[in-house]
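Just one chain is shown here, as structure tokens, and it is the form predicted on its own.
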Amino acid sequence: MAEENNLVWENFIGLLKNRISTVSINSWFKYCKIYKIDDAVQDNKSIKVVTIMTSSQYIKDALIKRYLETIEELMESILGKNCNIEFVLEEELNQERIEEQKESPPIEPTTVVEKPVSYQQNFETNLSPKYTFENFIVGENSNRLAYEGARHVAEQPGKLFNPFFIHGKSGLGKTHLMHAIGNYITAHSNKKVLYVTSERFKSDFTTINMNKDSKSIQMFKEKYRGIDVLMIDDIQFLEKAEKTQQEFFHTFNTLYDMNKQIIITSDRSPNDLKLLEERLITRFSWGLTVNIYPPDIDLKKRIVKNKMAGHDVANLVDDEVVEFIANNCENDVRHIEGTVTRLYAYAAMMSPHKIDLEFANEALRDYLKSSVYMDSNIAKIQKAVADYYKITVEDLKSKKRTANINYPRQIAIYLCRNYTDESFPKIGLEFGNRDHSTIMYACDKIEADLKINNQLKEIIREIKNNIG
């Protein structure tokens, strides 16, 4: 019966590939299988009841919400009868087996297996307790997918989204999420978690490669393969280390084959890691890949408030100061944190009765002038366009769609796309969280207008001169 169920499932997956992407199949169906198929009668008709086993409540809910009709349709085409689909959690089945074993008489062991000698004594996870899910600030557009993915990996390590690959620019929260996953797992299980940077992995491998003694090799293998969760931060630094890449490839395979969780971060997507071995890039794409985008203005304000929370002088800070910092800081959580620290240090020296915009401007004048945000090409373009049309940068970022604002906004978007290296999503974030299709439309419209409108050419030339 098990073989028949497996055959039905294989046929089902084969048909499913024509309906949804491979990524979706790997995300939602990879750890499912048919538990049983029963005959039943419904409305005087013979039907099949197909029970599918899933690895988590999250996957079960997703299958019911997104794919139930598709599953029923494909199962009916395979089994030739109307089908009712039911789901059961693997955890529930395991619990049933445990209860059954408790009722059975114990079996005395007949052999004693000797444990291998372990060279590990004081195992270190290298996790920082300050990074948790509770203090990670979630935005709707920039990091929610990464956050949700991280939560589900933490709750079902090795069973859901393996490997889990997070990429994005420095300072956006990749490392925070990685530590949050590790801290959650260690708090809710006895699994062994290891966090290391790629530089540390490379250093450890170089050491054993130089020594080449059996003890060092055994210690290395125990450290990186005798664990339940491996987290490698900044994988891009392995790009020029060919031998280290080969060792990581074997380590990855060993852990993956044992259903151990692998979590990786990078400043680029897997496909943009051009100097990594192709076989590694392929494996990184087996699980879930998520991007963390720079925070929009609303998220930056929430981050500023969070960094200020609990400080002695937090109650002295006006709301307009929060707005000021969010608008003038880099799109970088570390820089926001540094800005708040700088403001509070200045307040400690000056002991003001309140921290208003004038005080914040004085405290942060030199600090914010040196920020990357102030030198941002997007910010410069927005200001130049706003000045030319005598509107504000906030107008360009707003939801207003009047002609005197919408067309200048489209010009600014066109200039940002053609005279910076920023992506459509990043430009969209800087223009009030507009989606990439809106950005593409604006670019196409201005490009078409330029072909027939000489006055527009002069306007754009003047704006570019003002940008410098």
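Throughout, we count residues from 1 along the sequence that is shown. Small disclaimer: the values here were computed from a predicted structure and weren't measured.
We do not show the form predicted together with adenosine-5'-diphosphate, though everything after this point is about it.
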With the partner omitted here, the residue among Lys169, Lys301, Arg225, Lys383 that in the model of the complex has a heavy atom within 4.5 Å of adenosine-5'-diphosphate is Lys169
Among Lys307, Lys260, Arg283, Lys397, just one has a heavy atom within 4.5 Å of adenosine-5'-diphosphate in the model of the complex, namely Lys307
*asked:* I'd like to know if Val322 sits close to adenosine-5'-diphosphate in the model of the complex, meaning any non-hydrogen atom pair within 4.5 angstroms.
replied: no
Although adenosine-5'-diphosphate is absent from this view, report whether Asn291 comes within 4.5 Å of it in the model of the complex, heavy atoms only.
no
| query | Wondering, does Phe136 line up within 4.5 Å of adenosine-5'-diphosphate in the model of the complex on heavy atoms? | reply | yes
My question is simply whether Asp318 lines the interface with adenosine-5'-diphosphate in the model of the complex - judged by any non-hydrogen atom within 4.5 Å. no
Assert contact_stretch over 156-164, 80-88, 214-222, 128-136 against adenosine-5'-diphosphate in the model of the complex, heavy atom within 4.5 Å, equals 128-136
Looking in the model of the complex, the residues of 171-187 with a heavy atom no more than 4.5 Å from adenosine-5'-diphosphate, listed in order, are Gly171, Leu172, Gly173, Lys174, Thr175, His176
